[in-house]
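Single chain ahead, written as structure tokens, the form predicted alone.
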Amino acid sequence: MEIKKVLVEIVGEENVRDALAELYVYGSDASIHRELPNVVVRPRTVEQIQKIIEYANNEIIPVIARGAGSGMSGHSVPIDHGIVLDMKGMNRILEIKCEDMYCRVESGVVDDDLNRAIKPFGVFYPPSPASSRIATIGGEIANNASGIRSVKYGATRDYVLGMKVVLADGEIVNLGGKTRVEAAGYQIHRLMVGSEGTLGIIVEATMKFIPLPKLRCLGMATFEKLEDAGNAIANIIASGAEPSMLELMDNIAIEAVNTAMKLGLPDVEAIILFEADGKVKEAVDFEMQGMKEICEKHDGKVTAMSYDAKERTKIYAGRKKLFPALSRYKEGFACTSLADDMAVPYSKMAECAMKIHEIAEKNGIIMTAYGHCGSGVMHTKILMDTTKKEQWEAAKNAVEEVYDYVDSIGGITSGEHGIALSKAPAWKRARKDLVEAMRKIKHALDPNNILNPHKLMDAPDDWLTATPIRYRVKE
């Protein structure tokens, strides 16, 4: 195979794989999609990546950069086959500059590994998504990832100072810098954030970090009505409070974690987890008391509040393990990531949560409403019997209805997981004005369309048939 021969010359035989079993592993991510690459290569240096890209561009071979494969929308699925670049081999922390509050890392560095490395200096990198145990910094940048503390600390884009990128023609460019402010031409490094590997291969990043808070207090409030919980979240934000976490779990989520983990959470329609952090206890107490009062105003019952790390871990356990727990909700049902991370206005939080349940019931499937609602992100998962074709058709209808509703209230298709394949049809319907502009940018930087082709604005218009799905469906 000519491709393999060339790649072996660049990176060595031990870093090239084309056995069917290995290609199968790299053919899917955490989404429903699957397609096999022609070959997988694990580069170790920027120069190797440059040579691979130059070769691929000359031969018009697709190149798909892959971190941990934890994306939920098909980002690293090689829809056009080609070369998968496994970036996990480039995992060095190159520099930690505490006096200037930044670090330089290769793109394959794992989020939790970075935070372990900088914690002794009294600092942390906040965006950490739920997959931080495996997610790489390059992947987080490519998808503008965020997590439970985005309500206070923001998303990945807020921590990227600069980066080194290999463009589609093999040119290496240094974007941004090491300073907190910059007014020196196009902010191309910000364009790369959320580009999902379609504009360049991120090989190195300069990321800022911030001081660790000295104190954290976490509380839990239960609600008999989901609507009340949604309204409480909206009012907490409107009050000017500064939560460091504000999470919602509905009754489906509560039942799932109780089934899977035997937590004994109360049988209610919703739970809110609220947290404040800071340097001074009085300030943290002030924030917690304010949020507690708002929850109670909306008929919430505050059942726990604690500064103790062990107690906080116990309070948060259900939310932390929610995603895998959802697969245990009902025998024979699987948890699928389809319409799963919409961003909606705070004032529509309650309405959105109830709309999700209404659409699910209408289509004969189960959907859960939960997530980082303090930052406006409403997560949902579709729970269904994935062996039944009619369940997939019902899910397809539900996804379309959810996204049409989100668009009608001024929401965004994706708050943190990105577009890729699964969300592309809905996103393109909602943002017709943006699609062509993005295609022009793509063509300018990647005229041969080799970098993660047919994703985002160029993805197929039917997510269910875009690729084979990684579930066995009975005819």
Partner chain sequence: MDAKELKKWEAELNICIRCAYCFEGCPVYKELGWESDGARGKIVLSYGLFSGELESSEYIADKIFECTYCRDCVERCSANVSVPDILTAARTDLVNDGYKNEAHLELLDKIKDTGNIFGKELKSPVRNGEVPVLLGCRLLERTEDTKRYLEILEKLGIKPKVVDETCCGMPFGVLGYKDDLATHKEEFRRRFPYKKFICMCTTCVFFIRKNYPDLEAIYVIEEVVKRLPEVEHKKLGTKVTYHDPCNVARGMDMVDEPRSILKEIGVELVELPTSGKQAECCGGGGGLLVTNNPLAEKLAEKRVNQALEIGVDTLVTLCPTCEFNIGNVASKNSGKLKVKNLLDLVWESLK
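Keep in mind it's a predicted model, so treat the numbers as computed, not measured. Positions refer to the first chain, counted from 1.
Beyond the structure shown, there is the form predicted in complex with the partner chain, which is absent from this document and is the topic of what follows.
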Distance check, residue 88 to the partner chain in the model of the complex, heavy atom within 4.5 Å: yes
How about residue 261: is it within 4.5 Å of the partner chain in the model of the complex, going by heavy atoms? yes
Considering only heavy atoms, tell me if residue 324 and the partner chain come within 4.5 Å of each other in the model of the complex. yes
Going by a heavy atom distance of 4.5 Å, is residue 30 a contact of the partner chain in the model of the complex? yes
Pick from 101, 188, 130, 93: which residue has any heavy atom within 4.5 angstroms of the partner chain in the model of the complex? 130
The single option of 222, 386, 206, 363 touching the partner chain in the model of the complex, heavy atom within 4.5 Å: 386
At 4.5 Å between heavy atoms, only one of the stretches 403-411, 63-71, 423-431, 446-454 reaches the partner chain in the model of the complex; which one is it? 63-71
Within 323-362, which residues come within 4.5 Å of the partner chain in the model of the complex, counting heavy atoms only? 323, 324, 327, 328, 333, 334, 335
